[in-house]
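Listed next as structure tokens is one chain, alone, in the form predicted alone.
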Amino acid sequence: MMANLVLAAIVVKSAVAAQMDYAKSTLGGTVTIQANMDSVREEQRAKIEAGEDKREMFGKMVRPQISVSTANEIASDASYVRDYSYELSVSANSNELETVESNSRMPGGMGGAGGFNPFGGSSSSEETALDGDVTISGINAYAYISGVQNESIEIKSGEYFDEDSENGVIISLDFAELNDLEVGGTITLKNVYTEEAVELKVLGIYDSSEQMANANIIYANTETAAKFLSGDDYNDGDYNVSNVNFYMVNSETAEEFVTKINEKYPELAENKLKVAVDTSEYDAMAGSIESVGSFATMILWIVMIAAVIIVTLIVTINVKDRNYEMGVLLSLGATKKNIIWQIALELVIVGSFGFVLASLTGSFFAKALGNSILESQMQSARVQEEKSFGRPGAQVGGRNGGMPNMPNMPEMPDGASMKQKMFAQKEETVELDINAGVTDYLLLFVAGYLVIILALILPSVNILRYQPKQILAGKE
């Protein structure tokens, strides 16, 4: 019984270590590139102290952004990055389309018709941004829309977009019904700077449960949204994006990746951008996993201590019952050390037999216990994978807790893009081996023999006190 429990505790600790590795591979942490607002405001204060108008300075403040080419180049390092996201928001004119009336102007794309940026970004140039009557929220993949991640947005019909959905958009249900639009149809919007008309294909129709949602927001990938930038901001296709996130393959390499980015791209700091690490999701998961490991360690110590006490009592009773036998042996010339060695040898023989049996039976019990510990984490990961819309870095599922309405995943064609192939190669199956190994069995035998040694201390003291004459006289 002791050996079975010890082996179970040992294998549980091995399972915890395996689960930690699994968590690192599924919740690898996030490296972000954001505006360093401390540096921005410090520069503003310096200009104000130099005599520039305070109101004018704050009125034309532009948050630093990163070029899309640099973001893609950083994301291409597959040894660190398993997925990435970035955002762009622009205004457009609806041309002959009707817009849904909205009286609210809320942050995060919840209200307002035109030029408000639902991602919190701004134009990369200092020219005054022109407002249109619809907002195109560009993000490189549907799974990273904030409303999708908190499950307030779901596709009602059609499919979602990805990096290669050229001129493909998803529109709100209210906007579609107002303009009699269906999946597969087209809409034409105008660039507010150039008045150039851009024809867009309706890939899907979404609905939002947000009370203050703006039905005039059209979602597309960043390349589609960039067609509505001014010529200067478009910069021949090397436009700026904001809220850049790189989702790590392993959380342990996040700091190393940050150092590599800072060394390779010193212009980021010069442009008042900072690279930061966010491992909060992994840290939260690791805390619960480590608590299981601590519990297994506590169980191991309790079992060991209980085993020492129980075996000590059994040996003590056994020695007391065999007093006469020991007295005869002592009277025939056996030493007290011979008696102790005899008891120890008996315990080793019986213990070894028990440890071997535990190795056969306990491994099945321990494996079942370890699998049950890992199953909850793996089940959670499987559900998350189903909810991530094919994006390995997406963490979808918030307040609603249920499965979102799953739209159709676009198939990967033979001529798939570099980005699609890159992420297809990164999808790996994590194999978890929590079977008891040679080290675990050796540890079992070492722990068992240690228990035997400790259990012999008290009975040995009693044996050393025995006198054969007193034992035999007492028997008569």
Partner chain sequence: MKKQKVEAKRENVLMLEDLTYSYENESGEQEILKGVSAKFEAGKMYAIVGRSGSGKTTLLSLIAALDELQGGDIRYNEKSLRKIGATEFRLKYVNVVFQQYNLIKYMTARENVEIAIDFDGRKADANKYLKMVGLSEEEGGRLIGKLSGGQQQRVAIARALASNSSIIVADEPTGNLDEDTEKTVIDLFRECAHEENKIVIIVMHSKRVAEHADVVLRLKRGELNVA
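Residue numbers count along the first chain shown, from 1. In this text, all values refer to a predicted model and were calculated from it rather than measured experimentally. Just so we're on the same page, rigid core means the largest C-alpha set that superposes within 1.5 Å between forms.
Just so it is clear, the following notes concern the form predicted in complex with the partner chain, a form of the same protein that is not shown.
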Problem set entry | Proximity to the partner chain in the predicted bound form (heavy atom, within 4.5 Å), stretch among 83-91, 263-271, 182-190, 327-335 | 327-335
Exercise. Does at least one non-hydrogen atom of residue 322 fall within 4.5 angstroms of the partner chain in the predicted bound form?
Worked result: yes
Exercise. Does anything in 250-277 come within 4.5 Å of the partner chain in the predicted bound form by heavy atoms, and if so which residues, in order?
Worked result: none
Exercise. With both forms fit on the core, is the shift of the CA atom of residue 261 between this form and the one not shown 2 Å or larger?
Worked result: no
Problem set entry | Did residue 336 shift 2 Å or more between this form and the one not shown, C-alpha, core superposed | yes
For this session: State yes or no: after fitting on the rigid core, is the Cα displacement of residue 346 between this form and the one not shown at least 2 Å?
Result: yes
